[in-house]
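The chain below stands alone and is given as structure tokens, in the form predicted alone.
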Amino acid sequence: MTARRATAFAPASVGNVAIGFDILGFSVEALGDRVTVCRSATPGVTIRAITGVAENLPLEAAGNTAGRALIAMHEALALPFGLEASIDKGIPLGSGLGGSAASAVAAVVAANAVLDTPCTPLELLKFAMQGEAVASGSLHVDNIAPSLFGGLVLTVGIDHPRVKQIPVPPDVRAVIVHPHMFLGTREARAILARSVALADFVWQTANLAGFISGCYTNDLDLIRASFEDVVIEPQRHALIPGFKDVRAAAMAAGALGCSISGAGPTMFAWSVAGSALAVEEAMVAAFASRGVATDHWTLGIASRGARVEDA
């Protein structure tokens, strides 16, 4: 019998991963969003409540990332019933940890559990993309895909996305440091130049290829050599107080690489397990020296991605 109510959890995520702007991301199981969806006699999509760490969000479905994703699903499937959603935010707004993506993903995963005929993960990805666009102003999948599928994920294409989960060397840990400040995705995207110098394009392409090759071959030296964003990071780092000091501290403590999580202001590093605590402490201390408080986590990159918790 099909459930009439379901709750799903979708993890946070790090978008871009330095060298894969809009196409590469990995999930962060330390925090995430939960969305409960019920079948309703009321036509269309309704948001009943928003709770958690970010309550000042639109209740109007079309202006909410979870609501807009559900509208896309409802319209595409021509559902004969309405959908009611309640959102519990676990990811701070403007953190650079994929909060808008997680809400959209959790919404469609929960809704999928109350359908008579469930959708495929790729269909859910496309619905969630419509929700993410509400927050960022564009269609991109570097947060949506890892939140939905889990782990390190490469997504190629928008109209017909191809999703590939990339293996991560087992000794690698992700260090996530979130400074207590807000940075909107639209603001961070608005400052980006619309063209890239040929030399930077070649360099960035080589870094992306080297990084992915290093992940497949467990080549930590290649990952370290490739872990440098020469296109986006130089344009955005000024938006994050103390960025250069935090990055330098992470690298001095043994990080494989350190950069901005998505649009920022959260920063992340990759490290081997033996150095991860030192990297985390160095990054936190560098922010603290600027008077910036942080939340911080060190974790593995493997993840189940979004899932139904209760139906």
Ligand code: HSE
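Throughout, we count residues from 1 along the sequence that is shown. Every value quoted in this text rests on a predicted model; they were computed, and no experiment measured them.
Only in words, not in the display: the form predicted in complex with L-homoserine (HSE), which the text now covers.
The stretch in contact with L-homoserine (HSE) in the model of the complex, judged by heavy atoms within 4.5 Å, is 183-191, chosen from 237-245, 123-131, 183-191, 149-157. Among residues of the shown chain, Ala263 is one whose heavy atoms approach L-homoserine (HSE) to within 4.5 Å in the model of the complex. At a distance threshold of 4.5 angstroms between non-hydrogen atoms, Asn143 is in contact with L-homoserine (HSE) in the model of the complex. By the criterion of a heavy atom within 4.5 Å, Trp297 is excluded from the residues contacting L-homoserine (HSE) in the model of the complex. Residues Asn16, Phe21, Asp22 of 11-32 are found to place at least one heavy atom within 4.5 Å of L-homoserine (HSE) in the model of the complex.
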